[in-house]
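Here we start with a single chain on its own, the form predicted on its own, put down as structure tokens.
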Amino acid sequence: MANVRSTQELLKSFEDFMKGLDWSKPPHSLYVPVEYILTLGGKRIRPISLLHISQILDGNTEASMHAACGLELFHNFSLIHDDIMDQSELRRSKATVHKKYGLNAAILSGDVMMIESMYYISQAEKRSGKTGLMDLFVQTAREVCEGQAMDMDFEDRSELNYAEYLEMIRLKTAVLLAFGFKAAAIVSDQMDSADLLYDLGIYTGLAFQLEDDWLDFYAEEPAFGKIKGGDILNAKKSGLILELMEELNDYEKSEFINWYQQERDDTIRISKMTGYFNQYAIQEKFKQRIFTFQKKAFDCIDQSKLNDDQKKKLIEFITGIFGRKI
């Protein structure tokens, strides 16, 4: 593989491509909010994963860039609408689109991002000369909506189990990463490894999201824009909470849920949750769940029909994701 570029170089190329998109056209009320959310930053892990894996597989560079653009536009569309449904006021410490531009503008700008994402996916299919990208995208978009619906339903339920939570984050989060991994295989004409790469994306996405849950409470320094223990303070049913509930009997679970939903003192919440987690060794048990998905991810690479050099580079890349270096 000649001219293998680092993730930083790929990120710059991707950002340059995105900056080349024209959001200055009228009506400005439609396109200015689009430009705004796309400039809020982030690691761009989804498009960069697609570009990096395509590079490892010697894929079509132009098609990969268009697919990555479509993926990022869809992801940001989903963020706009998620923020509306969650009534969130901040994203990355800045005003959410609906708070800055109004509810109607946010809904419509999100809609046009969805349409634009479909255009770029279709362009990727055209430039690669391969079929299957749009079908995969439609499946992924549908599943993301299903995951968001599950997430909203969970808010009205006092109880849910770990398996349900896992399915929700698979649909809401992991399938987007899996789309990028399989799309890279499609534009690289590596269909004999496409399904395993999709599974690799699912396991990587699950491990990454569960790690987010773990870091929310146990990270020494919270990620940018986040508050330490934010999920606990907001009474969210995160992976850590569901791990704890797996350890409780029916009576203990009922008592815990009542307290968890009603306690208003932040100091007491954090203190008592620390006690619960220590008592049931939740930190270690949940970390082991994360390791299980990480192992499944690496098993996918091992089982693929990629050559040894490609496997080595893919292992390095996935290790970087798990180490939060990408």
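The first residue of the sequence shown is number 1, and the count goes up from there. These figures come from a predicted structure and were not determined experimentally.
The following text describes the form predicted in complex with a further copy of the same chain, which does not appear among the structures shown.
- Relative to a further copy of the same chain in the predicted complex, residues 45, 62 and 91 are all farther than 4.5 Å at every heavy atom.
- Contact with a further copy of the same chain in the predicted complex, judged as any non-hydrogen atom within 4.5 angstroms, is confined among 25 to 33, 271 to 279, 255 to 263, 284 to 292 to 25 to 33.
- Among residues of the shown chain, residue 116 is one whose heavy atoms approach a further copy of the same chain to within 4.5 Å in the predicted complex.
- Among residues of the shown chain, residue 152 is one whose heavy atoms approach a further copy of the same chain to within 4.5 Å in the predicted complex.
- The shortest heavy atom separation between residue 157 and a further copy of the same chain in the predicted complex exceeds 4.5 Å.
- In the predicted complex, no heavy atom of residue 248 sits within 4.5 Å of a further copy of the same chain.
- Of the listed positions (228, 99, 236, 81), a single one reaches within 4.5 angstroms of a further copy of the same chain by any non-hydrogen atom in the predicted complex, namely 81.
- Contact with a further copy of the same chain in the predicted complex, defined as a heavy atom within 4.5 Å, holds for exactly one of 215, 95, 145, 242, namely 145.
- Residues 122, 123, 126, 134, 135, 138, 141, 142 of 122 to 143 are found to place at least one heavy atom within 4.5 Å of a further copy of the same chain in the predicted complex.
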